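As a starting point, one isolated chain is supplied in structure tokens, in the form predicted on its own.
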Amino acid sequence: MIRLPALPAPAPVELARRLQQQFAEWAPETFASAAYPQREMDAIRQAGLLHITLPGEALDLRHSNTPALLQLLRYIGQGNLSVGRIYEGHVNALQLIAVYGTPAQQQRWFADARAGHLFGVWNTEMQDGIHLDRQRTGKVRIRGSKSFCSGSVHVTRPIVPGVLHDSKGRALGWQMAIVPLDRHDPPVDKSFWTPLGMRNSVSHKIDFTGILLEPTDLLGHPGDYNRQPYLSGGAIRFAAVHLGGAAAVLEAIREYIRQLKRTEDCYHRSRVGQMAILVESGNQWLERSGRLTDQSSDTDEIIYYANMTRTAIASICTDCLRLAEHSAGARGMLHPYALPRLHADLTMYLRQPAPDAALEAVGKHYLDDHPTH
């Protein structure tokens, strides 16, 4: 995607900061409900964040706005990690449309985003995965299911990739399709989603069998979903949401220590100091990887920094959780304190695919004589 000079865009980040504070106030009640975070997503919609990355908007991704986008995602995640998960999927989907959609498709789906439709990317599946069968009429019939569908049927425009077959049944490759889910009522397996945390992401299993799509509902060509650097390079977005979780843990333990009037304790001070340094180092990873994404034309370099960023921030989050546990003790891990809720959500959300492969790729890149700069 061609990058143009950056435009000033501080306002969306400040808006996200205000939303973060509101989401944090709502978080205990939202977490207890284990339901879709409707009021949070309504607030995002009303704030205009569903179309903030589209052409002509403040975080237009044709310009060098990735660092600001990552800070926005961080604040959303700091307010509520489940909301951050759902919103990051929406941003991901719009970028894929910007990269692979035809002008007519971009016009249609961007208009849907402006109208309030929620997008997502549901790639994970089990043995009964998605097949897209092209009919002799040209239409495409879906069979199969997706799992971990974050946002569930509240996402009315999910990208649902699967194996595309021609009218003779021959497999053509992994093809993206956007399903107008508001026009269908697929079976939803809510029992699939019984997690440790992130319950509010309502990442259900959904059976799309029998849904008939128009040819224009297919996005890009077979194999496009896995093209680089957009596949691996996009990891910096969920890493930004993760870092928001670490920042929320830091804030929660600070408030806990203040409530107990133990701010003079040297051990608490040392642990909080370590956490503050960790979170700030995460911010610097986001800034560096965001600028590199906007400025570099080297696919390998973008992937390299994305893998380093997601690995570093995952470690930052784990270390912050460990340090917070030491200061909280058993008492601080009881509800209604914030730490047990944040601990459950962040621990679950950190379970992103292929962390070992990402770390190995960093080592391979360096050993192949591509040191960091």
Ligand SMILES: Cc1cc2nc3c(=O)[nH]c(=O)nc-3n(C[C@H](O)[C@H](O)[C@H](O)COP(=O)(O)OP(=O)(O)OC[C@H]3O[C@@H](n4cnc5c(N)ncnc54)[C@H](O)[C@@H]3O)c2cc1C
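Residue positions are given as counts along the sequence shown, with the first one as 1. Every value quoted in this text rests on a predicted model; they were computed, and no experiment measured them.
The same protein has a further form, the form predicted in complex with this ligand, not shown here; the description that follows concerns it.
- None of the heavy atoms of Gly363 is located within 4.5 Å of this ligand in the model of the complex.
- Although the partner is absent here, Gln78 lies well away from this ligand in the model of the complex, with no heavy atom inside 4.5 Å.
- In the model of the complex, at least one heavy atom of Arg85 sits within 4.5 Å of this ligand.
- Taking the partner from the other structure, this ligand in the model of the complex has no heavy atom within 4.5 Å of any heavy atom of Trp174.
- Scanning Ala34, Ala47, Met333, Met348 against this ligand in the model of the complex with a 4.5 Å heavy atom cut-off leaves one residue, Met348.
- Exactly one listed residue, out of Asn123, Ser232, Gln71, Thr156, brings a non-hydrogen atom to within 4.5 Å of this ligand in the model of the complex: Asn123.
- Remark: of stretches 95-103, 282-290, 201-209, 166-174, the one touching this ligand in the model of the complex is 201-209 (heavy atom within 4.5 Å).
- Shown without its partner, the chain has Met348, Tyr349, Arg351, Gln352, Pro353, Ala354, Pro355, Asp356 in segment 330-361 as residues with a non-hydrogen atom within 4.5 angstroms of this ligand in the model of the complex.
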